[in-house]
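First, one chain by itself in structure tokens, the form predicted on its own.
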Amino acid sequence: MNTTYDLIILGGGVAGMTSAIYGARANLRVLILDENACGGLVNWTKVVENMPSYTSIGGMELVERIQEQVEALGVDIEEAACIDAIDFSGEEKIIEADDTVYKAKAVIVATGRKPVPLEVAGECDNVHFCAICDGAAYKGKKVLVVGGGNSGFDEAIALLDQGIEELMLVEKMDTFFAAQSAQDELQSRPNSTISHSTEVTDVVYGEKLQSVTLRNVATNETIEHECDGIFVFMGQEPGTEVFEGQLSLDKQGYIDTDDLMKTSVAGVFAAGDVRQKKYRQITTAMADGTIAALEAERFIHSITE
């Protein structure tokens, strides 16, 4: 198997797949490596309504259409590929994933962000980060939602729409941060309760989840709360541990880039949510991916002419 490419894209989200389209159309030999399935967080989005060309489209459907375009252009895709090591120090960029060594003239890092985990839950199988993906399994059961921002409230409403029998939402801070309309809608549902100033301090499970311990951070009072599943929406963080020591990162772990998506290493670019930026939207991810691919093409031509 030939594992040498012109351009390797780490991450198959919207930014990564947009880069792949531009790279392939520039006649570059392109590979996408993704630790999960292509699409990233868009796969978890129930409805996308601010995407030009679509009045409304499901997140998974949007991803499928983009991936079909990528595959039609001849881009190689390796999903569920665990990146073990990288070496960006030489002229040839080296990536090791699942005991395979890949080489490329240029790399675009588009690994996005991942949900902040609920540390006390450990490896519990009943902890989830996507209501659309995993909510159906809890129809007629009790669930706990952790996180009082827009994601927490929106996903809680989505869970109730899937037939959850009883839902409780908790937020550690002393206020909720979700839009008031979402708060009002959830509070209007008879089978839901919401509590701020409340954190999860323990998770009790044997073969499956049994209950959680909730602590009121203001009064220190604790209660046991029975539930069958936990859905966590406490924000997101960049998955950049593997790039430490290779690329310049900011204090939060985001990759430093300039306006042309160039990182601290020549020939390595970053696009999408993995880099520090103000607006994180599907359309801005596409813009990043476009710029990164065009600059990668320029770089490759500069070292091969």
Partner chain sequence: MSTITSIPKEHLDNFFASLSDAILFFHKELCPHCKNMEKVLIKFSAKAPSVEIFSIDSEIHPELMKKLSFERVPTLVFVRNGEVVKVHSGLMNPRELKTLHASL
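By rigid core we mean the largest C-alpha set that fits within 1.5 Å across both forms. The structure displayed is predicted, hence computed values, not measured ones. Residue numbers count along the first chain shown, from 1.
The next section is about a form of this same protein that is not shown, the form predicted in complex with its partner chain.
Although its partner chain is omitted here, in the model of the complex none of I86, V107 and V116 has a heavy atom within 4.5 Å of it. This chain is displayed alone, yet in the model of the complex one of E221, E207, E91, D99 has a heavy atom within 4.5 Å of its partner chain; that residue is D99.
Out of the listed residues V70, V30, C38, M261, C38 is the one that sits within 4.5 Å of its partner chain in the model of the complex by at least one heavy atom. Within this chain, E78 lines the site of its partner chain in the model of the complex, having a heavy atom no more than 4.5 Å away. Its partner chain in the model of the complex is approached by V63, whose closest heavy atom lies within 4.5 angstroms of it. Taking the partner from elsewhere, K142 is found to have every heavy atom lying beyond 4.5 Å of its partner chain in the model of the complex. For E185, no non-hydrogen atom is located within 4.5 Å of its partner chain in the model of the complex, even though that partner is not displayed. The stretch from 30-38, 48-56, 244-252, 272-280 that comes within 4.5 Å of its partner chain in the model of the complex, counting heavy atoms only, is 30-38. Comparing the forms between the shown form and the other one on their rigid core, the Cα displacement of G140 reaches 2 Å or more. With the core held fixed, I86 shows a CA shift below 2 Å between the shown form and the other one.
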